[in-house]
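One chain follows as structure tokens, the form predicted on its own.
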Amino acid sequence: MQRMTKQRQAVFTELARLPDFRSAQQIFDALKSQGEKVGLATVYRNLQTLSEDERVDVLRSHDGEFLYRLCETPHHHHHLVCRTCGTAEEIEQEAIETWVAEVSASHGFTEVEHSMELFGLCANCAKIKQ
């Protein structure tokens, strides 16, 4: 685990304030509006470090952008994400893990990593859309 620099702490604190996934640009904009002296490249570097330390979940949105959020579950899991408001639920699904293991083994693969993100509309956004 890497040490918590002042800038990394600022990024971490901003993520702790947010309930949903945000882009590096959104995090950067929020920090700048709070008067933090931090560059966008620094935000990206610190998000990468926090991700490597497994403190931050990272997913790729339906349009290809990387999004970040503090990790609530310390072990492997997946996400169900609202594509309108960004609300996310952490989900665990043994059937997926079993399927990945079976497919990997049947093709002779080992040490397989995977991620799965589901995107849809949360109940609140679905109501608004009606």
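What we label the rigid core is the largest C-alpha set whose atoms superpose within 1.5 Å from one form to the other. Nothing here was measured: the structure is a model prediction, and the numbers come from that model. Sequential numbering from 1, following the sequence displayed.
Form predicted in complex with another copy of the chain: not shown, discussed below.
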{"item": "4.5 Å heavy atom contact, residue 58 to another copy of the chain in the model of the complex", "value": "no"}
{"item": "4.5 Å heavy atom contact, residue 52 and another copy of the chain in the model of the complex", "value": "no"}
{"item": "Partner proximity in the model of the complex: residue 120 to another copy of the chain, non-hydrogen atom cutoff 4.5 Å", "value": "yes"}
{"item": "Residue contact check: residue 126 to another copy of the chain in the model of the complex, 4.5 Å heavy atom", "value": "yes"}
{"item": "Triplet 20, 32 and 77 all within 4.5 Å of another copy of the chain in the model of the complex via a heavy atom", "value": "no"}
{"item": "Core fit, then residue 115 C-alpha moves 2 Å or more between this form and the one not shown", "value": "yes"}
{"item": "Is_shifted residue 58 between this form and the one not shown (CA, 2 Å cut-off, rigid core)", "value": "no"}
{"item": "Residue shift check between this form and the one not shown, rigid core fit, residue 105 Cα at least 2 Å", "value": "yes"}
